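Encoded as structure tokens, the following chain is the form predicted on its own, with no partner shown.
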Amino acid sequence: MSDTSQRDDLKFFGQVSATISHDLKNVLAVINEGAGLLDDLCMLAGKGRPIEPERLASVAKSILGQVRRGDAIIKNMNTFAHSVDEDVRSMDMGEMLTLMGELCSRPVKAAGASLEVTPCECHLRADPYGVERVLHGMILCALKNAQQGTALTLSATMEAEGLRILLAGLPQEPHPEEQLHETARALGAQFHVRNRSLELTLPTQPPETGN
């Protein structure tokens, strides 16, 4: 692997890690706000002022909701981190698309867009980290020209040529960077821009790599 390719790998890992850390900081901020409010209510109660049960219940509900959200974020982070454990393995592509949709939720919202992942029951043997990297690149490419209200859809279907992944709903014809094409080629995949959509066809068997 060249120094440039290694650097691009690190950039991708860093982008995803930064997104996860921002989301976790937001979770902690809301929990901290709720804890501060509970502390204030306890002080008032210590001074003999009655506390409305509904108010306590509302704060508790908010904190529990953020704990569940934080747990989901950490679960996604753990799944992403383990994608480098094996060079090639069998993957549930429905779970993979959902994971990448959730990991990209922050840039999608920042662009004023939405991303709907269509459920699928496809399985594929491939490099999980490489697939994540190209899917991430496809989504960011689509967001470059996204407008307020842009509705993107991400789907996968198994066809004779291989697993076809389609990212549709782009407001205009995208212009992917060469790095995205290179990442797709490393997977032995075919990558095309068609009708304001990004299309990736992954082979049913991963390409052989020389040592």
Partner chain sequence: MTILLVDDEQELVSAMAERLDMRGIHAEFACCGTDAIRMAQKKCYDVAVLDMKMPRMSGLELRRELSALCPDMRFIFLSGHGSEEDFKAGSAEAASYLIKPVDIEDLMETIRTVMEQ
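Model, not experiment: these values are computed from the prediction. Residue numbers count along the first chain shown, from 1.
The next section is about a form of this same protein that is not shown, the form predicted in complex with its partner chain.
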State the residue from Leu37, Ala186, Leu170, Leu166 whose non-hydrogen atoms include one within 4.5 Å of its partner chain in the predicted bound form. Leu37
Going by heavy atom distances of 4.5 angstroms or less, which of Gln179, Gln66, Thr150, Ser155 would be at the interface with its partner chain in the predicted bound form? Gln66
On the criterion of a non-hydrogen atom at 4.5 angstroms or closer, are Val88, Leu97 and Thr118 all touching its partner chain in the predicted bound form? no
For Lys25, is any heavy atom within 4.5 Å of its partner chain in the predicted bound form, or not? yes
Classify Leu41 as contacting or not contacting its partner chain in the predicted bound form by the rule of any non-hydrogen atom within 4.5 angstroms, answering yes or no. yes
Applying a 4.5 Å heavy atom distance criterion, does Asn145 contact its partner chain in the predicted bound form? no
Test of understanding: in the predicted bound form, would Ala110 fall inside 4.5 Å of its partner chain by heavy atoms? yes
Partner absent here, but in the predicted bound form, which of 89 to 97, 130 to 138, 102 to 110, 76 to 84 has residues with a heavy atom within 4.5 Å of its partner chain? 102 to 110
